[in-house]
Every structure is written in C-alpha cells, then in structure tokens.
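Below you will find one chain, with nothing else, as structure tokens; this is the form predicted alone, and questions on how it binds or moves follow later.
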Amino acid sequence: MSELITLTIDGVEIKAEKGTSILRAALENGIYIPHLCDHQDLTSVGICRVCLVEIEGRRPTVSCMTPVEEGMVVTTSSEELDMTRKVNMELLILHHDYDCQNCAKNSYCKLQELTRYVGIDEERISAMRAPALDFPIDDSNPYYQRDMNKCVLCGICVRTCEEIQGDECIDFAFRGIETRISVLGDKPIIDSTCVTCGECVSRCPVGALVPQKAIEPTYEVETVCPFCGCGCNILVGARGGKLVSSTAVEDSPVSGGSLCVKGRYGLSFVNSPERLTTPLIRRDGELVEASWEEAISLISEKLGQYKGDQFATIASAKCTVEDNYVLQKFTRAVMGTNNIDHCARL
C-alpha cells in the first residue's frame, strides 16, 4: 500500500500518495489550480509557469514539479500569484492567434479555460509589441493540420511523440522569439517520420493541432475498434446518421487510451455508399440482394461439395479472437483440413 501524505491546500486538509505533485493532488481532490503544459499521461516540465502556488516558508513555485510533503501548507491564490499568472497569460496570448470563433477547439481550449479563470486586460495586451503571426498552416497530412500561429509552446505534443508513441518526430526548434515546434529540417509534417497516430492531436490543449474535418458528434457510443485483433476500446461519434469521429477510451485496459492511425482516422469507410449492407448472391450471372437465410443456405449447400484439402480458409483480423477460434475449429473439425491462414500474417 502506498504511503499517504497529509497536507493542506487553501485551508482544506487532503491526503495524497507520496511522490504525487501538488498540482495532481489538488486536482484529484477537487481543488483547481490553473495549468497548461501539464498532462496526466506525461512527465511534468514546468514550462508554462501558470500553476504557481505559494508554500508556507518558501518562495512561489510551480506545483506540477513539486512533490507533496507531510504537513505542507499550500496557497493557490494570492495577490502576488494572481498578478504573476496574469502576466504569464498575457505573454502566451500575445503569441497566440485567438480567433476563437473560427477555431475547431473553441469551447474545448485550455487557453480559454485559463483566460476565464485568470482574466485578461485587452488594453494591456494591445499596448504590447505583438509578433507577426504569419506561419503558413501545414495541412499536408490528410488527417490533421498544424497551425503554429495558435501554438503556445507547451511541449505536450513533443513529449507525447517521445514518451507515448516513441517516434520523436517533432521537437523545439530555433531560438528566442522564433522558437516553434518543428520536424527535422522544418519540412511539412507529411515529409517527416510521423506515423499519423493522432496522439499529439488528441492532447494538444489549443487549436494548433486539429483534425482536418472536425465535426461535433450528436452522441457517442463506446465500442471496439474493428481493424485488428488487439481490441482497442474507442468512442465513435455519430451525427446525422453518419460516423464523424473516433477517440480513444482513456481508461481502456487494452490500449491505455492510445490509438493507431486506423482506429482514430480510418473508420470513414462506414459512411461509404458502396458499403455492403445486405448479402449478395449470384443469380443468372448477376449479384442480387438476398436475405441472410438465403445466403447461409446457399453457402451450406456449396460447402458440401468440398472436402479435405479442396477447402481453405482465410481468417480476418477484424474478427474477434472468439470468432477466429470458431472459424479454425470449423475448418479442422467440419471441413477436415488444416488449410487456414490469417491476413495479419500475410
């Protein structure tokens, strides 16, 4: 059993596991501390300096990088902290294209959340010397686009690519006011080693990384990805009778909240007008629609004409393990052959 630490945050006594950061301990106990660069799936780096707190007997410190200690007394809001956060937020917004109404992340943006909490003085921002936000939008990837004019340099995408995907496709590039997230050689993302897993897109707190066709679903249903035998849990969103989104289930015991390019972006085939929705059987040389009963009866009749090594089966990775087990059992026990293979091996 993990050792529990007792500390006080804003006058509320809480308990947290030893090694937990002040930020995580506060959030897990319903105490809000504004933060931008921290993500529960990634290591903390303390880049944004928005999660500052005051600890009794110490100078203000970043809560995402400071572990809890026994008897620690923490204050999350004071005149000095609020002013420091406000300045940090103003500098972030100054380097950010905040045309919120035309942004796919509108109302889901972490920067908007922080702005509501901290409060921003537009007169102060307009008096500052704002840099030119004229980076071209990189839409070379067919599934998502990158807009560096909205990037806040939180580094979440960089850590995601390194720690979760292991690709290390992107990193911080250039210096000073020219710093930005880039691939090797500052090329379009399509010319990099990116595998289009979308993990960075799903974690980006602002509109710098968004799907190419972001459509808000009417409702979502939890199901299993149909592409391989891993069985990753996904949330598919539907709208107007069409599938419009696919996201990972965060606490999935199979995928741990991650998806590959197929699971995240490859389900559009469901909406194809060419997709078969009923069995087809051949009559007089033409494929015509039939009921499942007719199709199964025809298959049963035809299979009776084959025996032993005249018959072979190709199993599918889109089937469940149980379905593939039954198929191999049918092949060996009923059809009397070991001629069975699997598409994932080909």
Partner chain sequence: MYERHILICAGTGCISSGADKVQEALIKSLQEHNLQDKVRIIMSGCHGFCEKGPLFIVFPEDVFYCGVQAEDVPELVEEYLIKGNMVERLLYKDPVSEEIVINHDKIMFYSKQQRLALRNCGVIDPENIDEYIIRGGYLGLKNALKMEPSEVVEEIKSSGLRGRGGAGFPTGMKWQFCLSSEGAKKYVVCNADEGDPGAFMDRSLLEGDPHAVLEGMMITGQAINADEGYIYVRSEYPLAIQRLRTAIRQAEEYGMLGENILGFGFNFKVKIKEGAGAFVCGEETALLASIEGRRGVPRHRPPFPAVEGLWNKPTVINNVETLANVPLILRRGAEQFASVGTEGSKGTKVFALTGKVNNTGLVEVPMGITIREVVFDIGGGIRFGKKFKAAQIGGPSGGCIPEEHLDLPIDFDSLTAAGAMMGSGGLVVVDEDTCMVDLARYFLSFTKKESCGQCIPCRIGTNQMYDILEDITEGRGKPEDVALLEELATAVKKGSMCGLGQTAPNPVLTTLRYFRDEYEAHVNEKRCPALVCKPLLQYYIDAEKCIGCQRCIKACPVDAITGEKKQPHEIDQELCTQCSACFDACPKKVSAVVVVSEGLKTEEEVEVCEEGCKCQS
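Numbering follows the first chain given and starts at 1. Being a predicted model, the structure only gives us computed values, none of them experimental.
The same protein also has a form predicted together with its partner chain, omitted here; what follows describes it.
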> Are all three residues Gly46, Thr61 and Phe174 in contact with its partner chain in the predicted bound form, where contact means a non-hydrogen atom within 4.5 Å?
Replying inline: yes
> Quick one: of Cys260, Ala238, Leu267, Leu153, which gets a non-hydrogen atom within 4.5 angstroms of its partner chain in the predicted bound form?
Replying inline: Leu153
> Which residue, Arg124, Lys242, Lys213, Lys187, has a heavy atom that falls within 4.5 Å of its partner chain in the predicted bound form?
Replying inline: Arg124
>> Can you tell me if Glu80 lies within 4.5 angstroms of its partner chain in the predicted bound form, counting non-hydrogen atoms only?
In response: yes
> Even though its partner chain is not shown here, does Val224 get within 4.5 Å of it in the predicted bound form, heavy atoms only?
Replying inline: no
> Does the 4.5 Å heavy atom contact test between Asn88 and its partner chain in the predicted bound form come out positive?
Replying inline: yes
> If you check in the predicted bound form, is Thr84 within 4.5 Å of its partner chain, heavy atoms only?
Replying inline: yes
> Pick from 127-135, 141-149, 193-201, 267-275: which stretch has a heavy atom within 4.5 Å of its partner chain in the predicted bound form?
Replying inline: 127-135
> Out of 90-124, which residues reach within 4.5 Å of its partner chain in the predicted bound form, heavy atoms considered?
Replying inline: Leu91, Leu92, Leu94, His95, Arg124
